[in-house]
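There is one chain below, alone, in structure tokens, taken in the form predicted on its own.
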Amino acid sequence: MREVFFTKAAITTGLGGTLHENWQKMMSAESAVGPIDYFNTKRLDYHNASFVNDLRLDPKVNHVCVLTERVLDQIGEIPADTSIIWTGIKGNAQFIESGQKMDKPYLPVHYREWVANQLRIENIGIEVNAACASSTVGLALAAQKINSGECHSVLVCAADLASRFVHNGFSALKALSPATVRPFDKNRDGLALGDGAAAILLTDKETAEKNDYTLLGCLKGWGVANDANHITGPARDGCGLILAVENALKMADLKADEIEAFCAHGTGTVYNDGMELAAIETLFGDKDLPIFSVKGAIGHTLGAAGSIEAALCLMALKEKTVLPTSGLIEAEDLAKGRIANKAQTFAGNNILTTNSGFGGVNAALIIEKA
């Protein structure tokens, strides 16, 4: 079985166009979440999101493709036999809501194929839609393909928008915050959406050495599980998330008390954060575990969230620091002493990152320093 390594990682969000820029601004507890200017929210109770501000200058261009191009430009050339896993989930919502008639080049039938054409490589791979855990599931599947010897390199790619279509949907669910996104805060009241994209290249060690890639981190364990609780609501006891983490721990040959830090899904909704805290209590007991969420800083980037957060975890390992949780004022009781609105240091040997989505899907990754 082959080890799986992160060898390239690029992200773009409302906070910044690169991984480094996002890290620096998040370390300062900055937030890109603010008033929505791009569509009318007057009939709603929710008026905030996170936008890449120069993205919507041309309404006839597919903004998902523009975001994706920006991260692919940072990734550069990759092996010709690389498999692609596309994990964005609302790619053509921009045109569904506008009613504009677009030429086919602006509306990819398969974004995986579009990415392959951009990179001038063979169209090999799959598209994954696992709701807001899509990128995390995509990384797990990529790791499985490399670990089993099926592939030598896999590019996991995603982009999603804070569109009117999605904003109105979350508004109908009353899942948005009318004010500030406060993950794991006692007074949290909802999430905000965000523009975002990510591209992450996973390879085996042989491919990394052959191409002189830097080993950014090692994906040691992964797990995916479904709680089958409700179409939108998570199981209150976190049973699906617990199982996903336990599977990842078993694969990584680690015990729960050996996990050093945790990048949580942390949307800021009452039920999601409550479910995660219940799972943390079951898995880790009273362990002193530094926890953080980035969704108060960049909003919820849907299918791109898992890959964006995995890339930030690579930075956390490098810096031996977990990011501040933007928006946090007073931590929920089960999060006290673990989550903070300031940076926290840790040993930097491993980090757990998880995401959860509608339909009860849960996914977990354990990343170790290379």
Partner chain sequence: MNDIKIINILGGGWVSASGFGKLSEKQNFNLSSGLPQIPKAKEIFSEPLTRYGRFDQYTKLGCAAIALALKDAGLEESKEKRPIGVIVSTVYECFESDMVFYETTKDDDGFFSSPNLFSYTLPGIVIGESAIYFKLTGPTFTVGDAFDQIGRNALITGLEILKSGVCDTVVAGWLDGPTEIFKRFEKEDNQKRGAIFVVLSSCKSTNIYGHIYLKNGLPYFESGREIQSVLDLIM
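Note that the structure is a prediction, hence the values are computed from the model and not measured. Positions refer to the first chain, counted from 1.
Heads up, the form predicted in complex with the partner chain isn't pictured, but that's what we're talking about next.
Here the marked residues 23, 75 and 118 all miss the partner chain in the predicted bound form; none has a heavy atom within 4.5 angstroms. The contact with the partner chain in the predicted bound form, taken as any heavy atom within 4.5 Å, belongs to 243 out of 179, 124, 256, 243. Taking a 4.5 Å heavy atom cutoff to the partner chain in the predicted bound form, the contact residue among 201, 162, 264, 137 is 137. Of the stretches 88-96, 293-301, 67-75, 266-274, only 88-96 has residues with a heavy atom within 4.5 Å of the partner chain in the predicted bound form. Shown alone here, residue 148 lies within 4.5 Å of the partner chain in the predicted bound form, counting heavy atoms only. At a distance threshold of 4.5 angstroms between non-hydrogen atoms, residue 61 is out of contact with the partner chain in the predicted bound form. Shown alone here, residue 321 lies farther than 4.5 Å from the partner chain in the predicted bound form, counting heavy atoms only. Taking non-hydrogen atoms only, residue 215 never approaches the partner chain to within 4.5 angstroms in the predicted bound form. If you take 213-235 and check each residue for a heavy atom within 4.5 Å of the partner chain in the predicted bound form, you get 224, 225, 226, 227, 228, 229, 230, 231, 232, in sequence order.
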